[in-house]
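As a starting point, one isolated chain is supplied in structure tokens, in the form predicted alone.
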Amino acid sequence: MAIDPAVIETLRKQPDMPELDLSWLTTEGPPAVNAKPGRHGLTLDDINIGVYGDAPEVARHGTTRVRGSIARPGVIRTGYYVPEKSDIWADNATLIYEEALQRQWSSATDIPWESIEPLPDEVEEAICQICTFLTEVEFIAGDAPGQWLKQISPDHFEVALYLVTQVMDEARHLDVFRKRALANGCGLLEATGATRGLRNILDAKDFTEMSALMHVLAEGFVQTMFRTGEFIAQNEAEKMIFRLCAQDESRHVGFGVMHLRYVLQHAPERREEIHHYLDRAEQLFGHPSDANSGLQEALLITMGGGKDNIDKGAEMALALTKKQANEYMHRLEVAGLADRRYRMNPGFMMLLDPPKKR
């Protein structure tokens, strides 16, 4: 089919070029800066200078405009839903974001997998049962904060950047525990069914609720377990796994404690609301329907070094549980919720050491 000569003639003509609009070159905006690297390189704290570092108490514009840039009229709102700084902020977000970048590790190459040797069947199966549980838990630990990323305003971008590193950490954790379960002739075992407490975290309708339940309570318990795991590991690979995971978990717990502290300092009227979240979470954590005898017995066998040493394993498991409860209480004290001691779930309260005299 022939092309219309008029169309060909139109195509041959030079297109009309619009006049250049260079108004953006002369727009008066924030002052120029010259950020200098510090001893750790050019960090977020080094570039948070003046207006570029002033995170507003309320993010009002609801667009993708980044903090410190010049507003442009007529921009479509993208609808970020956590505008209040006190609902999302933690003063240590920049610090632990930078640490997370510098301390990334690989489950493929940084774990001495060659150190794993055959173990007695009962010990290997117990470890794999624990790894099955931890793989489940780490899925939730990545999914829960990931749900909030799209709701955080660019005005409070530091928190979003930190949460992205947490999602990556949790992906690596579920990856490394799955690998350990498959690395020594056993595999993944029975699903633990610890769903009520985990579902409660995913169902959180408020960021502070999610953070208090996951970072301060749940991940704090897991962090204690990781630190204990290094001492009960059967080989260098397991020691390295628990050591590196505990290192990551410390950042997650630290963020949650500092976020809760910020909320209580800047929105003290939320204190009773937060107590309510913890009331429910503590009750669900020990709910009978979540009990899994296989997991509990696996912990006893691993800690005791075999099923013939269950008594020793039970002593170590009780010590672990007591340590979890006391470290949980310490985190609440640091956050400014020391009065939690007197309304904590009885199952946790009975494990607490007497309060230290000031």
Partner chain sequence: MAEFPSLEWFEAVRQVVNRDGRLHRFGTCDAVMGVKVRDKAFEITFDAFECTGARNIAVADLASTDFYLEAPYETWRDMIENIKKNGAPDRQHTLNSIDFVDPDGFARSDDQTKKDKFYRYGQTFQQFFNASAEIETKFVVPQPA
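If you're wondering where the values come from, they're calculated on a predicted model, not measured in any experiment. Numbering follows the first chain given and starts at 1.
Here the subject shifts to the form predicted together with the partner chain, a form of this protein not shown in this document.
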Counting only non-hydrogen atoms, choose the one of 262 to 270, 80 to 88, 204 to 212, 226 to 234 that falls within 4.5 Å of the partner chain in the model of the complex. 226 to 234
At 4.5 angstroms, heavy atoms only, are Q147, R199 and M344 all close to the partner chain in the model of the complex? no
Using 4.5 Å between non-hydrogen atoms, is D143 touching the partner chain in the model of the complex? no
So, R180 and the partner chain: in the model of the complex, are they within 4.5 Å at any heavy atom pair? no
Quick one: does H40 come within 4.5 Å of the partner chain in the model of the complex, counting heavy atoms only? yes
Partner proximity in the model of the complex: K323 to the partner chain, non-hydrogen atom cutoff 4.5 Å: yes
Looking at Q151, Q247, T195, S115, which is the one with a non-hydrogen atom within 4.5 Å of the partner chain in the model of the complex? Q247
I need to confirm a contact call. Of A218, V253, L163, L134, which residue comes within 4.5 Å of the partner chain in the model of the complex, counting heavy atoms only? V253
Restricting to 295 to 316, the residues within 4.5 Å of the partner chain in the model of the complex through any heavy atom are M316
